[in-house]
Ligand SMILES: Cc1ncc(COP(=O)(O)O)c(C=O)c1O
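The chain below stands alone and is given as structure tokens, in the form predicted on its own.
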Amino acid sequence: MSKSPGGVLLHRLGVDRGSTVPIYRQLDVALRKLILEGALRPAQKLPSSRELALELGVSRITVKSVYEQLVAEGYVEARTGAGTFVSRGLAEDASPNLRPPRRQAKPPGDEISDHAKIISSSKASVRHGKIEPFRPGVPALDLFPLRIWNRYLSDALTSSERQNLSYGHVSGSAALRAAISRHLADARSMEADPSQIVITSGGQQAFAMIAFVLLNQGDTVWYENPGHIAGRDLMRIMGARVAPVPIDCEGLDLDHAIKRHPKPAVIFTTPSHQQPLGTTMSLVRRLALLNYAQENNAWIIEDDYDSEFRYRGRPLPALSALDTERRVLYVGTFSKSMFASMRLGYIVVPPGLVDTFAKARNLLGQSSSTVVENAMACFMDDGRFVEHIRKMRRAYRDRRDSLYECLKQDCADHFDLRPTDAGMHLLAWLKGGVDDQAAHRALLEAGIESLPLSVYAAEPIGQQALVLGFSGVSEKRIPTLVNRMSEALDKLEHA
């Protein structure tokens, strides 16, 4: 039950003994509120700790503790032999900024920064909460060797090397950078010295670091259209002019870009497996792109987000493997090959920029964990990573085949399907003029995720499709889910 003290001054003050909030906290909050609202005026005397404790039926020690805290924070002042008073410094004419701001009649508008406006309009997907099938970019978490990984993580945490508990090297773990260097040489035909590798918390931080270091306000960035959503929005936030470049059968349409757009400072591309169309850039186009970058003093960002997963033949050499002039910044991530919450990625940086990128990593936040970095280094050195990739490649191929066959059987009236030899998603091209965002919403209501192709595009591309991730869905679930998908699209078309 609440009990209020007598007197006009403190008629709004009380304690609730049934509350889970401690009594000292109730009293502290109530006195602050009375002072800030002006119910207790500057220089007004408060009851003595004995008097207030008696009125409220609480311990005097509790009241004295609250008073002492309020004195320490400047709300009240204690005068020896006189008592406790509301601080005279809180008078409205003397210090109006100490009063809480009035509630605004309307939300912030023109007064927010240009950066905030671009961030608010971003179409980058927010991936929080429960994962539903067929969300793109989700690895087979059900097949991840969790017990084995926990052992490596525990070893890194309990290692006698106490440096694991500190910030670590400014470029990231030396052991991990060496392991990545060996992996790139074997899997991507790249010669990357460990000193050229800078560890990041994932691909997106890598793009942020590159934009932070290489872009000036107003610089032009040639960017694949459709293309990686969050990277595109990030370039805009950094003040770049993002120039959309279409994709043809050989990859990024270089001739179109040269004819239509100003010379770029940066070119963003996904040559091994275009995101999201899946096109592989031809050798002729790769060489032409590298020559253009060299002749025009442009940098190339090579986003190699899911290069490990090819289902016919070996993974293709990276664009960076052909780069003799050091114009390519190669970005890799473990979020697709391992799991997203690991928060590990990396950039292979041209030698002359290594020190700058290391310092940029420090300024932007060393947000990857040194413990996780060293656990991953041991995981790779012991052959576990290659073993895991091989297992996932087989599983993803089976899941891709299952989804493709089920869609052909149950959704032939809705989708035009094209096989894919790589990656973790397939494109389902919508028939009958159905809007991909409307189809996306209809599937969401049925508990099925996808991404509309249109959100990847900075300019309309004249085609409607859904991006369906197959890697994170077990084979046995796929037939039932596809049947549900067909029913949802039937309802949409007949609505």
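Everything numeric in this text was worked out from a predicted model, so none of it was measured. One-based numbering along the sequence shown.
There is also a form predicted in complex with the named molecule; it is not shown, and the following applies to it.
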Contact of Gln275 with the named molecule in the model of the complex (heavy atom, 4.5 Å): yes
Heavy atom of Phe207 within 4.5 Å of the named molecule in the model of the complex: yes
Close approach of Tyr305 to the named molecule in the model of the complex, 4.5 Å, heavy atom: yes
is_contact(Gly203, the named molecule) in the model of the complex, heavy atom dist at most 4.5 Å: yes
Sole residue of Thr370, Ser335, Thr420, Ser402 within 4.5 Å of the named molecule in the model of the complex, by heavy atom: Ser335
The named molecule: the contacting residue among Arg135, His183, Arg343, Arg236 in the model of the complex [heavy atom, 4.5 Å]: Arg343
Which of 335-343, 189-197, 238-246, 113-121 lines the interface with the named molecule in the model of the complex (heavy atom within 4.5 Å): 335-343
